[in-house]
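Just the one chain here, the form predicted alone, laid out as C-alpha cells.
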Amino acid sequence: MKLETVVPWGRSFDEYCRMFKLEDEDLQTTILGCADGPASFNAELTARGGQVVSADPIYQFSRKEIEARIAAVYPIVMNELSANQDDFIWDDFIDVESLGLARMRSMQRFLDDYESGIDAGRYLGASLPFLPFEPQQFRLALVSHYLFLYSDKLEETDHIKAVNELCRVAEEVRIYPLVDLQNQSSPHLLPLMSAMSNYGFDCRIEAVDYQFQRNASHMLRIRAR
C-alpha cells in the first residue's frame, strides 16, 4: 500500500451509530472496525469505556504521515464535493464547508488518539481478506465505506472472501453503504447474500437513520443461523 493512493476521510461516532443502528448493548460488547481509516469512532468509543479495535492498512504509517496526507487531499475532496453536490443529501450538513469542518474534527480526534491507540493495540495495520484475529474474537464487526462502495475495484469474489473472513472473526457483521460510487446498488450485493446464505448465514438488508450519499439508506446485517 502506498500512502499517496489513500484518500483519508473520517466519520464520527454519531455517524457510526446511525449508519450501523448501534444500540447501547452493541456499544458495550467487543467491536472490530474494519477499514475505519481516520474515523473518530475508535477514539470516541474508547473514551466512553468501549472495547474496539480498528483494522486498516493505513495504520502502517505514522501520525505525521497520515496527517500530511489528510492535509494534501482535503482541498481535492472539498472541490469534488462542491462540483457534485447533487449526489448527496444535505439534511445533516448545511453546506460543503460545514461538512468539511465536521470531517476535520473527526480526523483530528483520530490523530490525537492515534499514537496511544497504536501502543494499546487498538489500531492495527491489516486488511481484508486476512485479519490477524482469532475465530469469533469479536461480537460485532463494522465495515464503513469500503465493501460495495468500491465495486469497480473489488470483484464479487473479493467481497465474498472478505465477508467470509469477517464472519470468521466476529459473530455478527454489519456493512454500510450498499451502493457504489455512482449511488447505485452494488452489483455484488445480491450474489454475496446468496453465497453467504449457502454458507449458513442469515443476511438482511435493513434501513438506517442515516443518509448522506444519495440512495445510501440501508446496511447489510450478517449472522450465523
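When you see a residue number, it is the position in the sequence shown, counting from 1. Small disclaimer: the values here were computed from a predicted structure and weren't measured.
There is another form of the same protein, the form predicted together with a small molecule; it is not shown, and what comes next is about it.
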If contact means any heavy atom within 4.5 Å, which of 28 to 36, 190 to 198, 64 to 72, 45 to 53 contacts the small molecule in the predicted bound form? 28 to 36
Contact of Y146 with the small molecule in the predicted bound form (heavy atom, 4.5 Å): yes
The small molecule contact in the predicted bound form: V169, any heavy atom under 4.5 Å: no
Partner proximity in the predicted bound form: V6 to the small molecule, non-hydrogen atom cutoff 4.5 Å: yes
State yes or no: in the predicted bound form, is some non-hydrogen atom of A126 no more than 4.5 angstroms from a non-hydrogen atom of the small molecule? yes
